[in-house]
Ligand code: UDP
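The chain below stands alone, shown as structure tokens; this is the form predicted alone.
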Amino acid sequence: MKVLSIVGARPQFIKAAVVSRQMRRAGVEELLVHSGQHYDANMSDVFFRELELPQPSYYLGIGSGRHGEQTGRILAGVEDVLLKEDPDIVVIYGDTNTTLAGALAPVKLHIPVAHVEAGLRSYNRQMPEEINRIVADHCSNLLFCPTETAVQNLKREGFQNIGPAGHSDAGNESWFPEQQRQTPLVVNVGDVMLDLAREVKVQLDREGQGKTQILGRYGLRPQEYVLTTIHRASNTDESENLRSILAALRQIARSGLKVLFPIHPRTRKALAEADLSALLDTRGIITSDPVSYVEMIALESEARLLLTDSGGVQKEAYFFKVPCVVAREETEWTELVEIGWNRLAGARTEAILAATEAILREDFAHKPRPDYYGTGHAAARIVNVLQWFVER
């Protein structure tokens, strides 16, 4: 079986690392295509080294650009690779422009597509990611969902062929009733990010000193800081939104909690263009370049709370029992808002501060925390289903 995996951005490297490792264990031939959508060393190279992700078989070197331009260039590059390699199936991840191009190129060549992290919906079509994930899902033969919520989203869009969730014997054809041997097939496998996050957290806890050194590098103590990440276009491209978020960070820092803000390249550029960088020059706000995955897990797991517009960070906070303020008007992880672990605040200063204050008043140590994201074995289930699909 030959699998072509397509990645291009930081969240995809994280998801692909654990699935790629499982493919190697199962003896699956995998070719990795890196679009180059994220090309900064702190957003790309470090993840390949740290997560032991194999070096790409193909590097397209696309770089940044307008959505249509970037997607079109990736589409053409992926098509060339597909025509040369003729894989049995293509695996795509998440909701970036790389995901969209990685779905469109194989489907037009009648090559099956598997989408990891399928079924997520924010129901805001102004978000480029929402369009990308919808199109990717409707191009896919195998839709690997991280949660039951994602499965239900797909059922509302007409997907009716639903495989059983979380079965450990997924490689056996008898796992699927006869009618489920057709595609598209939707399977709740759990969340691959949980697989890796748990593994890294165990490693950090075992080493102990490594985690202490990471926090010490930024002058932080456990439970005495807020970790924030901001990179969504709705915040970086709207200078007033960015200004409002920074105003909230300044207020939080004045309250006594330190704020650590690793700055995404897109955000750093937006800060400079809007002449807002000086707002971060205040006591209690610590800025840095983007951090590695292991550093991020250490910082997330020891924070008092997180403030983010990232989908993945919202979820990782929950993995580590850390509450989260979401600097967006909507989220794909609606279940976390419904149970009160995450709070939607948008980009308004007052709303961010109100959500932060509410979290600081609440006792999260005894708050119910349902297991939405599986048991930490999503990658094995994905590889088993891929093998079943190709060999059936």
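Bear in mind that the values here come from a model prediction, so they are computed numbers and not experimental data. The first residue of the shown sequence is 1; numbering continues from there.
Beyond what is shown, the protein has a form predicted together with ligand UDP; the following relates to that form.
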With the partner omitted here, the residue among Lys201, Arg73, Lys211, Arg232 that in the predicted bound form has a heavy atom within 4.5 Å of ligand UDP is Arg232
Interface check vs ligand UDP in the predicted bound form: of Leu215, Leu82, Val259, Val313, the one with a heavy atom inside 4.5 Å is Val313
Per contact check vs ligand UDP in the predicted bound form (non-hydrogen atom within 4.5 angstroms), the hit among 157-165, 82-90, 292-300, 248-256 is 292-300
task: Evaluate Arg21 for contact with ligand UDP in the predicted bound form, applying a 4.5 angstroms cut-off between non-hydrogen atoms, and reply yes or no.
output: no
Should Leu305 be classed as touching ligand UDP in the predicted bound form when contacts are defined as heavy atoms within 4.5 Å?
no
| request: Decide whether Val322 counts as a contact residue for ligand UDP in the predicted bound form under a heavy atom distance cut-off of 4.5 Å. | output: no
Contact between Pro11 and ligand UDP in the predicted bound form at 4.5 Å, heavy atoms?
yes
